[in-house]
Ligand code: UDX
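First comes one chain, alone, set out as structure tokens in the form predicted alone.
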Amino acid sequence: MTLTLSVVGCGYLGVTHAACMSSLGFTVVGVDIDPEKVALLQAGKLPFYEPGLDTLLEQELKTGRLSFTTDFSLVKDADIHFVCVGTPQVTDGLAADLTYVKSAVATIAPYLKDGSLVVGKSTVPVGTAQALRDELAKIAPQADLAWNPEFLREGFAVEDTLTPNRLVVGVANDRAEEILKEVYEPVIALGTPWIRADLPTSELVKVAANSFLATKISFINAMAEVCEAAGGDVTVLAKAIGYDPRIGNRFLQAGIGFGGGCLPKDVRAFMARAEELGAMQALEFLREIDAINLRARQRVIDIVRKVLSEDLTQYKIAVLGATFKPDSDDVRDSPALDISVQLHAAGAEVVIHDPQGIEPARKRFPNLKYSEVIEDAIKDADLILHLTEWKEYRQIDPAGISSLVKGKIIIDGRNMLDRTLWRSAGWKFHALGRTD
């Protein structure tokens, strides 16, 4: 039997999953409540930036296997329904907002045919899947529910969907697992590890993974603070400990910390859920992880004040980077944008450049200044801040831009630039965790 799939929620996760599943040969319908977004997708255009996904989307639409709609009744013929809606942080606390997840399941429930499987991919607090499965048993007893957490890296979403480093499925019975094995058969055939878990464990895997990554990033940023106090160099320290196979060198780049739509809110939601479960003491360390992460942003601002002045009202600062990471246009909880906003609030003239994030940043903070040309952004700047590690910034010739700026001062907030190269061109070079 050829399975038909629906994807509920056509944001970053949903569109990626829909296009990738279509490329595996499935007929896929993506449904969303936003008519503008659906119209854009149906025309083959992405409402966000993700390398390679635009080409895949256009290709799959042409096959006729992939379509997008606002009509939820069109999911009625689907055998499997992937729920890919957002779970943002609530406005008045740390917990995840489950409004969209609950609404998605309730909306498709009347259209679920006998034997269909609802598969959650959204990141949710542990216990959510079982609660949804219990509710589904009441309103659509002919269907079942499983959980299949996503592990996408922005900038590598297509690769991570089609060639993931593992597949985790939370199921309550063998039938649900067999259905998911049929869906992922081409991926499993590549040798991808298959992990069957119960529903709670599958939910915990995602938040545990994100919390571990956040811990590793904040650890090296804590070491950067110690290096500054002791006169050490955190880049050398990171290189040395990274050779230890028990530690590894990934996520040991000291800098302004993590951001985006996943790590910050997932860490906070994990803490909130642990407190509800009476296990807050076990995750108390995550509070410090969050604090270290936010402190890294303030430390950059402290360096700016140290090298310029406590009063920033007479200075122009050029910021290279608005997104939370390269190869993305995501500015959610972006450390780069947060630092820019704080410097602007302190009276500095801030001009931001980013290869993909200018429009998303402008929508969020229209009062800031933006430039689509690096040279225009840095013209007459008293100081340059390197805050997102786009390759374009590593390719800048420091000698070539010297005549454009007012002050030859750069702060490398990501420890990715060649300090020797910049200093040899006469620049004053500063970075977190490295003494001058």
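All residue numbers refer to positions in the sequence shown, first residue = 1. The model shown is predicted, which means the values in this text are computed figures rather than measured ones.
Below, we turn to the form predicted in complex with this ligand, even though it does not appear here.
In plain terms, the part of the chain that comes close to this ligand in the predicted complex, with a heavy atom within 4.5 Å, is 143 to 151 out of 360 to 368, 346 to 354, 86 to 94, 143 to 151.
This ligand is not shown here, and in the predicted complex it never comes within 4.5 Å of any heavy atom of Ser116.
Taking the partner from elsewhere, Leu237 is found to have every heavy atom lying beyond 4.5 Å of this ligand in the predicted complex.
Although the partner is absent here, Phe251 sits close enough that one of its heavy atoms falls within 4.5 Å of this ligand in the predicted complex. Proximity of Lys325 to this ligand in the predicted complex falls within the 4.5 Å heavy atom cutoff. Of the listed positions (Ile303, Leu213, Ile247, Ala131), a single one reaches within 4.5 angstroms of this ligand by any non-hydrogen atom in the predicted complex, namely Leu213.
Of the candidates Leu136, Cys262, Ile289, Cys227, Cys262 is the one whose heavy atoms come within 4.5 Å of this ligand in the predicted complex; the others do not. For a residue to qualify, one of its non-hydrogen atoms must sit within 4.5 Å of this ligand in the predicted complex; none of His81, Gly120 and Arg268 qualifies.
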